[in-house]
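Presented as structure tokens, the chain that follows is alone, the form predicted on its own.
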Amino acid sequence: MKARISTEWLSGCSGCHVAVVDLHEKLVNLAEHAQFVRLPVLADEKGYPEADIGIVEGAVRSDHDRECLLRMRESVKTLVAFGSCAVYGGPSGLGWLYGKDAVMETVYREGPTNAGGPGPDAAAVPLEESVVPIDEVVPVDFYLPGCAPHPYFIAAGLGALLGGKGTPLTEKTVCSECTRKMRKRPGVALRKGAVTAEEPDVCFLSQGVVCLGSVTLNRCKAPCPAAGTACAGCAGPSLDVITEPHLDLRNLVATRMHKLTGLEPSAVKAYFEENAATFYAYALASPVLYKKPTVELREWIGGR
């Protein structure tokens, strides 16, 4: 009997659902073992049919998100948080910095491009006070972060859930698949604002550019460094950052840059704190980061 798969799309961009389509010919293999009974981007199913596996994309931002997530949890045996928004809050998690009233005031009244006029009426779906990952609302059985997860890891994860041998999901960082080499470069300056560097074969950290590859879980196969852009951390923190309360992105990156270039760790850490909305963007709504004793995201970024 084929396994029944149900999916849901909360506050997110639908990119994780599109990533499933990127499985290409692997979708044919998947169809031999599974049947999608709910798939919002392709099928008009309003209900929540019972299923073996539930896959949820997006964070919880509104009352509607919460209701849909609860119904999904009740209808499936196994629930997967799919993509960085579901696992950590993702980019929409920036809303965690602000209360609901502040968001409404900025978007509908204070914004520099606003023309004025009334805000949403009572028929609009109410926002929740903040943005939260889905495991803040319901129990989650498995996590597959990524923005979006690479099809390789989607296939591996689904294969394992469907009982196949599958490919083990790596616990390594993005650096494990990056071909750039770390080089000692004493005296290199910190290049604030830079996301590229001249030498295509040399680690960004060696060239004074902050790259999050060494503190980000590999769920992407490192396409950004290969294309000449520093890792932005879209798959969320590496396992050591998640499991060790005293480890943080800025401390680990600052230590590595100091060893490679001699840059003062305090300068790198200060740069992280000044630009925390960028360097912590994909997981700042998650207690994995904001509950760390040395991380003060609201103080660094501001909020209200």
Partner chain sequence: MGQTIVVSPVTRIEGHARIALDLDDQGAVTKGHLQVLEIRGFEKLLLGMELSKMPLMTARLCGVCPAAHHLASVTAIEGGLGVAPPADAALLRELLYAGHILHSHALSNFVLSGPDLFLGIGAPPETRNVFHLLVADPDLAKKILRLRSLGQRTVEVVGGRGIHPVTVIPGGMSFRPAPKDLETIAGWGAEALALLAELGAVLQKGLAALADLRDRLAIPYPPLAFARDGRHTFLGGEIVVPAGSHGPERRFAPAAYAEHLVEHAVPGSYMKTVRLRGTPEASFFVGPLARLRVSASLSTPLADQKLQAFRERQGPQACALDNVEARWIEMLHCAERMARIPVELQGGPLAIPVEIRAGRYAGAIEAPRGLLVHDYTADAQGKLTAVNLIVATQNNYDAMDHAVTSVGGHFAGRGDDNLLLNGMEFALRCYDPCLACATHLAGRMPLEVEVRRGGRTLRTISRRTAP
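Nothing here was measured: the structure is a model prediction, and the numbers come from that model. Numbering follows the first chain given and starts at 1.
The form predicted in complex with the partner chain exists for this protein as well; it is not shown, and the discussion that follows is about that form.
In the predicted bound form, the partner chain lies within 4.5 Å of some heavy atom of His64. Using a 4.5 Å cutoff between non-hydrogen atoms, Ala123 counts as a contact of the partner chain in the predicted bound form.
Proximity of Gly95 to the partner chain in the predicted bound form: non-hydrogen atoms within 4.5 Å are present. Among heavy atoms of Pro49, some come within 4.5 Å of the partner chain in the predicted bound form. None of 142-150, 74-82, 156-164, 181-189 except one has non-hydrogen atoms within 4.5 angstroms of the partner chain in the predicted bound form; the exception is 142-150. Contact with the partner chain in the predicted bound form holds for none of Val202, Val253 and Pro287, as no heavy atom of theirs lies within 4.5 Å. Contact annotation for 273-297: residues with any non-hydrogen atom within 4.5 angstroms of the partner chain in the predicted bound form are Glu274, Asn275, Ala277, Thr278, Phe279, Ala281, Tyr282, listed in sequence order.
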